[in-house]
Every structure is written in C-alpha cells, then in structure tokens.
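The form predicted alone is given below as one chain in structure tokens.
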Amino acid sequence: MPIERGLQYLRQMQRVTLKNLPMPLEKTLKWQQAHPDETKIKAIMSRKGPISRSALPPYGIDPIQAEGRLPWILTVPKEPYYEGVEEARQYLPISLRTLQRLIDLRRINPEKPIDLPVLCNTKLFSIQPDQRQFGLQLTDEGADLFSTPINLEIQWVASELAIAAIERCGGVLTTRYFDPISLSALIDAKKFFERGEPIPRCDTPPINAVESYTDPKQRGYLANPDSIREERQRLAQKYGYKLPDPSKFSSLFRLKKDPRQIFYGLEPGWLVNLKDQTILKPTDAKFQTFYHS
C-alpha cells in the first residue's frame, strides 16, 4: 500500500541534523565588508604603512580602517561642546515649602535675619565650595503655602514668583554673592572661629555675575535701593497684592550687610575668641583700610 511504502522510506532515511542541512547562500557584498574574515584583515594589515611594519597605529585609528586613515573620533556621533561649563556656578535648591516647614518646626527663628549660616545650621544642606557650589537658590515650590514675613538673604532666586511669595507676606529678600573663602567660613562658623583666623572680607562678584547682583529685579545686594522699591511695587501690581507701608517696617527688615561683610554684627578683620568669649579688633589703619576697601 502507498502508506506503508511511505513509512518504510521514512524508516530508511537519516535524521535531519546540522551536517546534512544544505549550505546557506553566500553573504551579500555589504555584509562581507562589515564582517571581514581573518584572511581579509591580514591582507589589509600587510600593506604599506606602520601597521605592516608591526608598529602601533596612531591613537584613534581602527586597524581595519587604517587604509583610509579615518580617526576613531570621526566614526562616533559628535559630542556637543559646552563652553565654560567647568566655571559655571552651582546652587543647591531650597523651596519655599521647605523654608516654611523649618519655620513651623522652630528650626529657624523668623524674628531674626535668615542668611546662609542660619540655613546651614539646620544640617539639611551640605555645600561644597570646592565643587563649584556657591550657596543656595530659592525655588517657587510651595509659593501658595508660604505665609511668614522674614528677612531672607539667599544666593540665587529661580523665578520672580518666589520673590513675590516673600514680599506678599511683608518680607524682604536679598540675593547675595559669596566667594569660596567666605563660603568656607559661613558653612560652619564654629569650626572657622575655632581656627583662630580673622573674618575674611567678601570679594566682589565675578564679571559674568555682576549684572545679576546689580539687577533690582533679582533683588541684588548691589542694586540701587530706589530701583528695588520700584520693582517691588511693579511686582505687587502684577500679582495683585498690596505691599505694607515701609514706614511701619520693624528694625528686622532694615538690617542689611555691608558688601564686604559676611556675618551680621561682625566686621571683616575681627577675630572671635570662643574660649574667652571676646572679640579682637584690628587697630592698625592699614588693616582697617584693607578689610573695608
């Protein structure tokens, strides 16, 4: 019968394995160029040039592509160039929500000026001046929750909404620049005073930051006070709130540091002795001129 004859043929045939399968078709020319075999590599490397003389190829040149002398850096996508990225200043963010929470938990006293030493004493911010970190920047997260009038000194402001949230409650905001030497003293004031060094004077901002710290819109500490009052009024009209009467400001909101001063109540050049609880002041006119120039 045909069925039995077919089954007999199947019993006599050998099983299908990799050895009795037909050979695949030849690879295309494009595939052969992208996957050269050992013979082709040896043929390319046996031509004239440093590779044929068993010399190392120049840095960035693939031995297979050595005939065209194509550097490796040209075979990969282009890397964008960021000019001045190594000199850019970084600021750690602090939101209005975090600031209001610190006030509610009584970790910050709103009845005193709030500056960088006060915020660093909360142990929530670790500023590293050697990593190009120049302080804190205020963000507008939680602007609708902030409700405490304060005198805040910060290094950078992310948006004008954060400024409006501070001034809407009757507070005062100032953006201030500190050089790395002054920052090292402000981050841990106790450790700095224990070293027995005089309080350094704060340097002026670099050229690329002078425009920001003299801008009344950013509430820069070097800006004209009359221009700042005009910008406060303009911002109040824009966001629809009423500013308090300046004549009714308490002494808290009138406190302001000198451009060379880094601590409230302490002048540059003074030496604080924590053990004896005394302050040593320079009497030489040369030192006084240097620290206040």
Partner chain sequence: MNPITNFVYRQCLALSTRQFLITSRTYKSNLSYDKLFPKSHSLDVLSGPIQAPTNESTGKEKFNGFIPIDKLDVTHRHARGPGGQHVNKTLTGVEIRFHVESATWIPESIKPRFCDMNHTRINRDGYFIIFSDETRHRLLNQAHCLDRIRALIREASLIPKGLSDEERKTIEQRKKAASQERVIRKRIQSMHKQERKPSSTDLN
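A quick note: this is a predicted structure, and the numbers were derived from the prediction, not measured. Numbering follows the first chain given and starts at 1.
A second form of this protein, the form predicted in complex with its partner chain, is not displayed here; the remarks below concern that form.
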Open item on the list: I need the one stretch from 100-108, 83-91, 119-127, 138-146 whose residues put non-hydrogen atoms within 4.5 angstroms of its partner chain in the model of the complex.
Closed with: 138-146
Open item on the list: Within 4.5 Å, heavy atoms only: does residue 172 come near its partner chain in the model of the complex?
Closed with: yes
TODO: Spell out, yes or no, whether the shortest heavy atom distance between residue 204 and its partner chain in the model of the complex is within 4.5 Å.
DONE: yes
Open item on the list: Since only the chain is shown here, I'm wondering whether residue 112 would be in contact with its partner chain in the model of the complex (any heavy atom pair within 4.5 Å).
Closed with: yes
Task: Any non-hydrogen atom of residue 157 within 4.5 angstroms of its partner chain in the model of the complex - done: no
- [ ] Enumerate the residues of 249-271 that have a non-hydrogen atom within 4.5 Å of its partner chain in the model of the complex, in sequence order, or give none.
- [x] 249, 251, 252, 253, 254, 255, 256, 257, 258, 259, 260, 261, 264, 265, 266, 267, 268, 270
